[in-house]
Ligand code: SME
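One chain follows as structure tokens, the form predicted alone.
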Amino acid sequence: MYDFKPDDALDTAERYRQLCDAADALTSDEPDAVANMANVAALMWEFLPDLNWAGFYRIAPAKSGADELVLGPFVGRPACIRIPLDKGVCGAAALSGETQLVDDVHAFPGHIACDAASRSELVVPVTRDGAVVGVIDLDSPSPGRFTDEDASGLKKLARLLSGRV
């Protein structure tokens, strides 16, 4: 049994360091990508305060044949299952390969409201061999919840997971 519980008093950098350590411990010897995404979604939920959604979308063929994002393991309310690469914050991150830190999702052109309670969002691409294979998505009910320090910590997590999800 694993019990990864962060101290509430941790600063952001230490919180992400411990999150990455826990993710490494859980995923280092596990070859199944779905299992790894599920455990890491649960870890993000435990480690990162003030979230209403934490999880993954992965690049997969669309019903029409073009690639799109398809829902992966997550913690939170039911979510959009398929997201075109030209839609929403997740699509923007996947298409551009760039982190998207959005203080107010209602001001983001083309935002997809899977949960009306979401006010801010942080999405980091997961890349393998130079190609985006998915994204890590965090939503919060608080405007401006995410900082550059959160983005940096989530990028480290994405790099750690690049060959494991």
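Note that residue numbering begins at 1 and tracks the sequence as displayed. Remember, predicted model here, so these are calculated numbers, not experimental data.
There is another form of this protein, the form predicted together with the ligand, and it is not shown here; the text below is about that form.
Mapping the unseen interface onto this chain, F47 falls outside it, with no heavy atom inside 4.5 Å of the ligand in the predicted complex. Heavy atoms of C114 reach within 4.5 Å of the ligand in the predicted complex, making it an interface residue.
Put simply, L95 is far from the ligand in the predicted complex: not one heavy atom of it is within 4.5 Å. The ligand is not shown here, and in the predicted complex it never comes within 4.5 Å of any heavy atom of L85. None of 23-31, 133-141, 58-66, 39-47 except one has non-hydrogen atoms within 4.5 angstroms of the ligand in the predicted complex; the exception is 133-141.
The single residue of 117-132 lying near the ligand in the predicted complex is E121, the criterion being any heavy atom within 4.5 Å.
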